[in-house]
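Only one chain is included here, represented as structure tokens and corresponding to the form predicted on its own.
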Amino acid sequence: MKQINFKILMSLMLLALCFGACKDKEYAIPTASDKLQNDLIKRSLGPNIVGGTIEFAYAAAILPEKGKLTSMTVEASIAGATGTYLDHRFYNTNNSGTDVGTAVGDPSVTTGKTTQVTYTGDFSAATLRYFYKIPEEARGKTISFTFTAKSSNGETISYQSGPHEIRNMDMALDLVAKDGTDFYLSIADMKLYNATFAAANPDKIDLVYLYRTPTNVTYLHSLVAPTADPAYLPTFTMPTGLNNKTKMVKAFTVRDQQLARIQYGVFVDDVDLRSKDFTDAPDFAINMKAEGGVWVQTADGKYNAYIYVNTVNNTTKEMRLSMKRLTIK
């Protein structure tokens, strides 16, 4: 009985403490710091790929009575490729939902690893966007960034970001395969070629795109290896010398955002390409659909790839596709 009373007493005490802790505190507007402040967000999503862009938004502010901003600088641990810049404008959204930019100074200047915007206007707060074009030198490495803002009263503040891993894979977007024209696909080159090129370079051709409407079979838009059974190559004669047995595994829901560039939050990464199992995989993929895809391994095992079908067109007999590819050996 005493034990029960003790438990009840403790429960009541905890309940009282809870009510005390949960009581709403009176809200007070926070006091702004009188020092130079900064913050950073990474805007780009997904794996960082050579040739792609890493995007940041860097904000800095100081009380107007304390001074104004004089410069923003970004230093990368590896110099960016051509196309790296710090936007010299900050943006507001108008009533139509359109971003309207306001220049704070002249366009940025990049010297080696450093990109800088020098302010010429009277601004005490601004958020500038930084676009880092990933160079070949960064493949398989990590990159870090130092963002720095300076104000007219002599203050300096910095923000570190990274390390950010750069993947080993490559990416190609919006390759247009057209039946009878450019319909020979090279995974090694990440390009489509015509029949003349294919006949002269048979070792480079991994897949053939065909559009067919045979009776009693749903074929339509298809990717077929040169070694496929003729039944999967209706009314088509494979040029002499093309003999790569490319393995394929269909994927119906792998809507990679970087390839699709629509709302899906899915990303194919190095580990996905490296670990995909192609045991007993066929050498054909017929009736491909828009927003579907196919995992691919080349005949020599050198490359694994993921091919995403952006769009198909029955009238023009075309398929627009995008690809991620990883060198395996």
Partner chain sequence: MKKIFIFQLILLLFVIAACKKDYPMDDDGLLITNRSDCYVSAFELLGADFQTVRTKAATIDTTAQTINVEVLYGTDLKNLYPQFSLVIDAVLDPKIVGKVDFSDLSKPKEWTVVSGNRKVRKTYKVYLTVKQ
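Numbering follows the first chain given and starts at 1. These numbers were taken from a predicted model, which means no experiment stands behind them.
What comes next is about the form predicted in complex with its partner chain, which is not displayed.
Would all three of Tyr232, Val249 and Thr279 be in contact with its partner chain in the predicted complex, where contact means some heavy atom lies within 4.5 Å?
Answer is yes for this spot.
Tell me, out of Tyr219, Phe236, Phe131, Tyr91, which residue has a non-hydrogen atom within 4.5 angstroms of its partner chain in the predicted complex.
Here the answer is residue option Tyr219.
Listed residue that, although its partner chain is not shown, lies within 4.5 Å of it in the predicted complex (heavy atoms), from Val50, Ala59, Ala290, Ile286
Here the answer is residue option Ile286.
Listed range touching its partner chain, judged in the predicted complex by heavy atoms within 4.5 Å, from 117 to 125, 190 to 198, 250 to 258, 177 to 185:
That would be 250 to 258.
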